[in-house]
Ligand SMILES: Cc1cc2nc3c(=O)[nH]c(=O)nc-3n(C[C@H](O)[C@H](O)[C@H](O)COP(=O)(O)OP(=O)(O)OC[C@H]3O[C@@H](n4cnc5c(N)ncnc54)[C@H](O)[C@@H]3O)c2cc1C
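First, one chain by itself: the form predicted on its own, in structure tokens.
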Amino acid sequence: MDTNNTKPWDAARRDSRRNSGIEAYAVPYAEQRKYIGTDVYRGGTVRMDIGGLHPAKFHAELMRVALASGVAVHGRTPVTSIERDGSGFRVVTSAGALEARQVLVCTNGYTDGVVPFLRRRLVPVRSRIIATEELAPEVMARLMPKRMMITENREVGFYYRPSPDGKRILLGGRDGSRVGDPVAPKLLLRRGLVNLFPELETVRLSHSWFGNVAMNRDMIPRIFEKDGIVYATGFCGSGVVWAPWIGMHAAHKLMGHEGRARSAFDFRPPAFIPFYRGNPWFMPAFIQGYRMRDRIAMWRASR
């Protein structure tokens, strides 16, 4: 018996804060509506050490700091080949060739035939986001009362949040399409949105966009070296978080700062994918398979 009448999740919250310094706690189903206006879930977990940012603004500030430090940045200048040249490399670009003592490759979801070794190991997967039209303040207060970012632990789950101004809901997920900008993936995300919040059935979408993330067979980002080239890649959908951190360690490796270069992600290259040369022809089937597994898991959980 708990003589202090303390709920078990309150005790777990204290333990997490004491042992790891992370403010994290469970939300039971009975209190779920205080955090999100849906009954789809059966409780969840809140972590206060995770935040959100605007990727474009983050990129702009990284660029500003780099330029202010004297770094030369050449955008829209694709590399067409990388070749060994004595103790260094000859890198050919659309703007001409240059000699380099070291090369760092971080192409991730847009890896092309210039680095075929890496291309056989990274699969580009589209990540798509939709945005609703502006919603009434009372609707936003009802559906997202804490204004928190939400993610799911399904194989192909959704991730969503209120817009920075608190007037829209942005919802994203993985996209099985490979070419063009088809309507079906947008409709799929919209159905997911309505499943979560049925009262949004008649709400229109104002925006939709997508970009590539890169997956590998073990879903672990890494730093590795092959034939003198250093690779920092394979961020598996979490590049905004991992790329700056892993890129920093890769930079220390290039500069010979071995003590600062070491990390838990500094190990072997990802395994190659059989019968794959850069065309992810199998992704629609894989996405459907993962969704089937999610449906089976939801069915089992509801019994």
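Predicted model, so just to flag it, every value in this text is computed and none were measured. Throughout, we count residues from 1 along the sequence that is shown.
We do not show the form predicted together with the named molecule, though everything after this point is about it.
By the criterion of a heavy atom within 4.5 Å, Asn212 is counted among the residues contacting the named molecule in the predicted bound form. Of the heavy atoms in Ser238, some are within 4.5 Å of the named molecule in the predicted bound form. A residue is said to contact a partner when one of its heavy atoms sits within 4.5 Å of a partner heavy atom; Arg121 fails this definition for the named molecule in the predicted bound form, lying far away. Mapping the unseen interface onto this chain, Ala243 counts among the residues with a heavy atom inside 4.5 Å of the named molecule in the predicted bound form. Across the options 95-103, 73-81, 219-227, 131-139, residues that bring heavy atoms within 4.5 Å of the named molecule in the predicted bound form belong to 73-81.
In terms of contact with the named molecule in the predicted bound form, the residue from Ser163, Asn195, Ser177, Ser127 that brings a heavy atom within 4.5 Å is Ser127.
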